[in-house]
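Only one chain is given next, in structure tokens, and it is the form predicted alone.
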């Protein structure tokens, strides 16, 4: 998985001097940076929230707002809180620098720039930003399967739900559970059970590129399917079902593992919310279990025996 969606780190310079912006673009050309310019505090704050750059160069002396106040807004906004900010000033006012550093500024450079020093400080800030992103990402990854964990699922589902409801897009959810997993653990040991979980996670990861497979907890998994109606989600779920059913393990050739699946989309909900979407998929999964396992059930449909595909 990539630590950062953008291969080239982005630098946002908030400064009211066009000369400074031209200088930065010229002298930082070889630094492999995507450079963005804002002339005012208001424009800089808007761009910071939209771009989420890896580093911000912030002039203390802006025409419309003090740089210290801009820093305060950046640090109190959860979306921009972790972006390293390097204060820039031609002033000798030590108090402003101290206040900025106390408020969480990453560093300070004086005008006129020593370009070698500025480049080194920018590189340091970018490294710290990427490290923070990497650690945050690792905290959202399940240690056994390598899939996104429950915390990441909750966050990502809210994001996808907001996008789908705002723009009228489809959104489906697959909730799946390995059948008789406790018995498999008891009969063959937890190391083999872990192997089955890892292999099932690999199957889920081999699906469509835009889908988001996550470990929901224990032997239960969930897949978010953006821009996907229920009928397409059913097809995807049955592919997963067949794949795990056909899986074989050299050390236990007699073992066959199966899984049950519940599918729901926004159109099947009487009340549209993330909680109701998860609940609908969970009820469909329960129905699949009740009907004999190793099958896919769609939320809102009572008789779904025909949805089980023969292997």
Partner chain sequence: MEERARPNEGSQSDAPLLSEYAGDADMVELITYFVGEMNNRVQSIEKAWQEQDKERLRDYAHQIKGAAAGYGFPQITDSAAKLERELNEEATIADLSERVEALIGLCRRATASPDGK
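Rigid core: the largest C-alpha set superposing within 1.5 Å between the two forms. If you're wondering where the values come from, they're calculated on a predicted model, not measured in any experiment. Numbering follows the first chain given and starts at 1.
Keep in mind that the form predicted together with its partner chain is missing from the display, and what follows is about it.
- Annotated contact segment (heavy atom within 4.5 Å of its partner chain in the predicted bound form): 104-112, selected among 182-190, 145-153, 228-236, 104-112.
- If you check its partner chain in the predicted bound form, you find no heavy atom from any of 158, 162 and 165 within 4.5 Å.
- Using a 4.5 Å cutoff between non-hydrogen atoms, residue 90 counts as a contact of its partner chain in the predicted bound form.
- Mapping the unseen interface onto this chain, residue 248 falls outside it, with no heavy atom inside 4.5 Å of its partner chain in the predicted bound form.
- For residue 32, no non-hydrogen atom is located within 4.5 Å of its partner chain in the predicted bound form, even though that partner is not displayed.
- Interface membership of residue 273, defined by any non-hydrogen atom within 4.5 Å of its partner chain in the predicted bound form, is ruled out.
- Taking its partner chain as it sits in the predicted bound form, the stretch 26-42 comes within 4.5 angstroms of it through a non-hydrogen atom at 26, 27.
- After superposition on the rigid core, displacement of the C-alpha of residue 40 between the shown form and the other one amounts to 2 Å or more.
- Superposed on the core, the two forms differ at residue 109: its CA moves 2 Å or more between the shown form and the other one.
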